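A single chain comes next, written as structure tokens; it is the form predicted on its own.
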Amino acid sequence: MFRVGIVGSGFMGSFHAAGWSQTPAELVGYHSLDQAQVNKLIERYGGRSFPTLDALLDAVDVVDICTPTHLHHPMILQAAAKGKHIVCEKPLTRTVAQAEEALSACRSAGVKLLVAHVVRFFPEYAQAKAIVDRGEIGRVGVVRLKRVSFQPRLAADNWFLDTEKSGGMILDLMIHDFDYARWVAGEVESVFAKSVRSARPDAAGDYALAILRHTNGALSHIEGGWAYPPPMFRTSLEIAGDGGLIEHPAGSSVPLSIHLKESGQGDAEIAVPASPLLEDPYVTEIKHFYDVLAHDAPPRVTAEDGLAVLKIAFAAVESARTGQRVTL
């Protein structure tokens, strides 16, 4: 048994609260600027509200950071200074230098830093990785990944659209698939990317394509975007090896899918992928983090992974800006 506190009460804070409620950990409470949302979480999962991050840190053993990206770095340093283990939503920090400082601070403090790259916990993605690891499709040559949704539209303080806070679509959304590509095909040596927003900074949305060249010669083609109308969110994966092919989704006999905003499904502020399973992948992720923290289980995703994928994401941002291939 250990005590957990959550910082942030938005959609990710809510997902993480649901996950912790499925573990033996004690969910002590929350620190957030949105007291109305905190009250909803307290009513559903228990715990109490803390007026400051310091007050929350004094009452817990583990802090779970679910705040906007630009706040991750100072909160990680504050938690590490108090000797608290840390779970942090992706991206780990807003810059590579911040991530390096965060890792150093956590090592010095002797605390664990776990990064919530949830795609590794989606069963179809985890199964594909396991198939690759067993050698069933031979040597991986090409990985194709897609993640395209509508642009986030928070009613107040839409920090996603502030590049200084979120890093933009490439950092906030495509980082999921950069991480997965590296997990499946190994280290990345160079990135070439193009994006709508880099060509037209005033564009209403954003869409990008990136090609990762891995050190083993494999190529990853990654498509990402805030480009669809609500409530659309589409993801897919394809992994081709010299001995076979993995595809998800696996094909469909449906000739045409129609998604209408007027259907009532178009009211969401943020697009979050779902999986038709008895257990939500976000719950699976938090249960894994519990095992890492409580039983020293080996982490599926490490702080070093969080740093490595930031380097890939910023290489993609730079490539899209300059039109040149960027070597890591």
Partner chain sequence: MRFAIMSFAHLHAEAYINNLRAIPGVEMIGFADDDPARGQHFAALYNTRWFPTYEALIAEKPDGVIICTENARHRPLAEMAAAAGIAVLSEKPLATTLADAQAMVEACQRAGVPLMTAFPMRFSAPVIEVKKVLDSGALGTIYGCNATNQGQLPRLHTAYPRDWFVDKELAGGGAAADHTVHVADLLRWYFGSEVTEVYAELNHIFYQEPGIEVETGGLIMLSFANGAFATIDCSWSKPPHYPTWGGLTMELVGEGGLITLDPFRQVMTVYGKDAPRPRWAYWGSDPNQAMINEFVAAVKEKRAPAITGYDGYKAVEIVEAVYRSALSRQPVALPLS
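Residue numbers count along the first chain shown, from 1. If you're wondering where the values come from, they're calculated on a predicted model, not measured in any experiment.
Although not depicted, the form predicted together with its partner chain is the subject of the following passage.
Its partner chain is not shown here, and in the predicted complex it never comes within 4.5 Å of any heavy atom of Arg107. Its partner chain in the predicted complex comes within 4.5 Å of a heavy atom belonging to Arg325. Under a 4.5 angstroms non-hydrogen atom cutoff, its partner chain in the predicted complex lacks Arg134 among its neighbouring residues.
Heavy atoms of Glu223 reach within 4.5 Å of its partner chain in the predicted complex, making it an interface residue. Annotated contact segment (heavy atom within 4.5 Å of its partner chain in the predicted complex): 316 to 324, selected among 19 to 27, 6 to 14, 303 to 311, 316 to 324.
Shown without its partner, this chain lists Ala81, Ala97, Leu154, Met232 as candidates; in the predicted complex, only Met232 has a non-hydrogen atom within 4.5 angstroms of its partner chain. A heavy atom within 4.5 Å of its partner chain in the predicted complex is found for exactly one of Leu77, Val196, Leu171, Ala126: Val196. Not one of Gln37, Pro68 and Asp162 comes within 4.5 Å of its partner chain in the predicted complex, counting any heavy atom. For the partner-free chain shown, Glu189, Ser190, Phe192, Ala193, Lys194 of 178 to 194 come within 4.5 angstroms of its partner chain in the predicted complex, judged by any non-hydrogen atom.
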